[in-house]
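In the form predicted on its own, a lone chain appears below as C-alpha cells.
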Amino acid sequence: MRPRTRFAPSPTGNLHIGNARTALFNWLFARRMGGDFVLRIEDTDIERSSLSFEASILEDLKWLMLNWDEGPDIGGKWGPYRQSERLGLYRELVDKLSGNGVAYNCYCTKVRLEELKKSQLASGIPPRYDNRCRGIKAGEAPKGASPAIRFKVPPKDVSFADGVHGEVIFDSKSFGDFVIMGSDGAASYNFAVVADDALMGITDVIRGDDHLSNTPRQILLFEALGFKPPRFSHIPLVLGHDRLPLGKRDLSASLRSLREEGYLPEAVLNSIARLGWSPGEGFLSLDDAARLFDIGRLSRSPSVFDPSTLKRYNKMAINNLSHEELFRLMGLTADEELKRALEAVKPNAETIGGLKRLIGPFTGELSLTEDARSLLSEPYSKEVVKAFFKEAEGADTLDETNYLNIMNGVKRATGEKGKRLYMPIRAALTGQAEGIELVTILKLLGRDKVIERLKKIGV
C-alpha cells in the first residue's frame, strides 16, 4: 500500500516548535517514501478549539513549505478532515463494537469514578476502572441515565515494534476498560484517532513520546474493528531551556512569534530537523532533508530547543537570500546606496527585524533609540562627539586612513578609549548604541552626511 502519514493538530493554540517538528518528520517520511502527507484537524474539544487557531496552524505549515496532499482546505477522497465532521462515522463503529460484545454501557457517575481513583491511589494501586458495569444487562440499567461506552479490554500483552524504541510491550491489565464514547455522544481521543487512521488508510504514525501509553489501547481497538494497525514511531519530546516539554504555554517558541521576530522558514526547518535527528552539517533544503530522512536514525533521547542554534541557521538563511528578496522582506525599496549598506550590515543580522534595524540608519532621517539618547546625555559622550565633529570637519574624506587619524585625535582630546570612545559616535551617527563597525558607518554615510547628522543633534 502507498505510504501515508498524517499530522493531526488540535486547534487549541498556535503551532510551536515541538509539534512543527512532528509535522516535518511526517512530511519528510512521506516524501522520502513517495507517499502522501495528510493534514487532519482534531477539533472535538469544542470549548477550546477555534477556527482562528485552525487558520493559524494552516498558515504556519504553509509558511514552513510543508504542503499536504489532503486536508480540510483541499479535501480528498478520505475526508472529511475535521473530526467534528466525522461524528456519524464514530457512532457507526462504536455500535459495531457494542454489537460484537466488546463494548458496553457504563453508568458510573463522575463522583463514583473520582472516589474509585482516590481509593486506589490511597492503597498504592495504579488507578484503573474496576469493570463494575461490565455485567449490567439492559433491564438492570438505571432509568433515564445516559451511559458512556467502554471498550472491554482483553487480558493480554500488547506488543508492537516501534520505529524508534524497538519492541515495546504493555500488559493490558495496567489500564483496564476505557471509555470510547462519552455520555454526551462525543468519541474519546483514542477511539477517534483509531477510526480516523483506519478509515483514512494511514500506514505510518510518527508522533511524540507522550502518546506511547495510548498505543496499546489503540492497537486493541484496531484489532477489534478488524483493521491493521499502522507502524508506530514515537519520538522523544522537545524540551525548553527549563527542561520541560515545549507546549502552547511557550509563546516564544510558537511559529507565530518566530515569524514576527523575523526568522525565516528555511532556518526554522534546519533547526527543528536536528531536534532528535542528525542529518549532518550544512544548510539543508527540504528536498535534501527528505532524501536523507531515516526513522532508524532518530534519537531515543529528548532534545532541547536552543534559540542560539536557530539564530545561527537564520544568519545562514539571510546570507543565502538575494538583495532583492531581503529588501522585499523588509518592505524597502532598494537603491545603490542601500545595496551597499545591506552588504555591510547583513553579516551582523540574526533576524529580518534585526537586519531592518541595522540598515535603518542608512534609509532616511536619524531616529534615536532610548539607549542611544541616554548614552548621548552623558557628559563624556558629549565631549567625545564634539571632538569627533571637529576632527571630521577638518578631514577631506572619511576613508580608512583618515578614520585612524580622526580617532587618534579624539583620543588625545578626550582621553577616552574603547567603548567610551566608539559608542557615543556610533549613537550620534546611527541613533543606535550597537551596530556595525564605526569605520564602515563612516564609509557608508560619507563626510557630508556625517557632518549633517552631527549638526542635527546639536553638536
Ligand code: GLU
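Because the structure is a prediction, the values reported are computed rather than measured. Don't overthink the numbering: it's just position in the shown sequence, from 1.
This protein has a second form, the form predicted together with ligand GLU, left out of what is shown; the following refers to that one.
Only one listed stretch (103 to 111, 185 to 193, 301 to 309, 361 to 369) carries heavy atoms within 4.5 Å of ligand GLU in the model of the complex, and that stretch is 185 to 193. In terms of contact with ligand GLU in the model of the complex, the residue from R357, H211, R256, K386 that brings a heavy atom within 4.5 Å is H211. Heavy atoms of N14 never reach within 4.5 Å of ligand GLU in the model of the complex, leaving it off the interface. Remark: A8 counts among the residues lining ligand GLU in the model of the complex, judged by a heavy atom distance of 4.5 Å or less. In the model of the complex, no heavy atom of R217 sits within 4.5 Å of ligand GLU. At the 4.5 Å threshold, heavy atoms of R150 stay clear of ligand GLU in the model of the complex, well away from it.
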